[in-house]
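Take a look at this one chain, the form predicted on its own, written out in structure tokens.
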């Protein structure tokens, strides 16, 4: 037997495929042999470490390609391979039918069939063995040939023989491929980023002040509350407002300048509270249905205890000073990076692993990792595997706005989700091309996108100049093109668009100062965010990223796409006006037959934001969107239109 191109396969099996609990894996292999014999094949799958394989029969399609599917039911890594063999009985049945149809003598052939059945009976037990022995006896008897032929080619005998095959000469694929299985939140989540120090409207916030935000965020539909670094902030070279080289009186500094006399990566900023306060926040959030994600930034302020206790972990310049971080022309004088190439790298790696372990023991299971692309891939592959062994439910979001292949490698070595280029994909062509790349290529086997329209570091020009409509469009697209998305919260809710001149950075950035957010301001997006998150929760079509299907529109400012659930029972359609300044209209092609709507059947589209309902009666439908009102439709599609009264249509 020849078994080739076993898939899904990442880097020839070097890295595992990614799935979440409850997701299926569609396995494909090219399987063939010399000659014209019939073939049988099974998919072998098991949790890693389990003694026995469970089997699923494979089905052939065109050109010697075979398929099978299994579901990852446990939070455990899986492995799979394929086994195949010549099915001599199926080959015999095929030949016997041809000879019978040609009116050739098949008396000897029936004796061969009897021998096959007798051999299979020896491999079977119980009722199956009895049935096969009976078939062998009848096939070898002197009964009329037509009766014996009917038995020999029957589906009943074929099924018995298939269940007890001769696999003595079976071939097993040399490759055994792995699947990393995460919990469902790796596949579907809504993130909200909040600086705890700005959680109070009257001064420096604390962990306790975050408690008041939990009910509001839960009601809005967020299930992950991401906190930027919560550790002590260094004093040396502390940055001031708007990244000023010198801090003014009372400036809190950047949270990413980690470490002071109060401790390092295993301590909390005393201005935020105590470790016990943090643990209480984690517990309260969990009761509200929200998980706390924290930032892991492997860098230090010059005041970090590591700098004094382990100077060998840092790179020193010829003048004896420790090299600070920089990304020319940017300089980060308040930060010094670790030297991952130092002689004591093993001790450094173990210490950094202990940081993850420390916070995991405090109840944190989601880590947003800052700039992972500036640390060794080998380190991430090792540390993520080590932590997952102790805490298999941990998830990791890679904040790596870098080159595509680097981002992909980080996903391969273990990161559960990844930031993306969505932040800068604005036109219809850009969005269709990028989302198609993420969802219709092999990238989907290991790379889970998490769409963020903004971050504390990034205020895109589209948001700077597009007004409130731009914020609505980018939010709805992020939340419905990807099953994982996030927003830098208060700034996005309130459509903050003040930027540094000619920069994609916030003016008066919260990275360098405390903000007093007034979240009840007029124009807040809270209501729209709530409606969209409710639609995400209630519609299974939005629970994974891989089912985006773009629709044809005759206006380049109109983007339209549908999402369908795995069972095809739920369908959502999004139509967005990408022009935040002008009303746009056009015709959308909704191919009814392709969508499971049989012409001339009408169908209902129900806007889950405005609550408007429209009956569409053809494959082409007209849409007009005015950004001064609402620049996007979020439709739930009903294939069947039922009438309750003469004037009341409902889903």
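These numbers were taken from a predicted model, which means no experiment stands behind them. Numbering follows the first chain given and starts at 1. Under this definition, the rigid core comprises the largest set of C-alpha atoms superposing within 1.5 Å between the forms.
The next section is about a form of this same protein that is not shown, the form predicted in complex with a further copy of the same chain.
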Notebook entry, point to check: Applying a 4.5 Å heavy atom distance criterion, does residue 409 contact a further copy of the same chain in the model of the complex?
Noted result: yes
Check: Is residue 343 close to a further copy of the same chain in the model of the complex, meaning a heavy atom pair under 4.5 Å apart or at it?
Finding: no
Next item on the list: May I ask you to state whether residue 34 is within 4.5 Å of a further copy of the same chain in the model of the complex, using heavy atom distances?
Entry: yes
Next item on the list: Please check if residue 628 has a heavy atom lying within 4.5 Å of any heavy atom of a further copy of the same chain in the model of the complex.
Entry: no
Next item on the list: With a further copy of the same chain left out of view, choose which of 391, 377, 550, 349 has a non-hydrogen atom within 4.5 angstroms of it in the model of the complex.
Entry: 377
Checklist line | Candidate from 159, 521, 111, 141 lying within 4.5 Å of a further copy of the same chain in the model of the complex - any heavy atom | finding: 111
Checklist line | Triple contact flag 2, 11 and 63 to a further copy of the same chain in the model of the complex, non-hydrogen atom at 4.5 angstroms | finding: yes
Item checked: Stretch in contact, per heavy atom within 4.5 angstroms of a further copy of the same chain in the model of the complex, of 247 to 255, 117 to 125, 478 to 486, 319 to 327 -> 319 to 327
Check: Can a Cα shift of no less than 2 Å be assigned to residue 475 between the shown form and the other one, given superposition on the rigid core?
Finding: no
Notebook entry, point to check: Would the C-alpha of residue 114 be classed as shifted by 2 Å or more between the shown form and the other one after rigid-core alignment?
Noted result: yes
Item checked: Large Cα move at residue 139 between the shown form and the other one, threshold 2 Å, rigid core -> yes
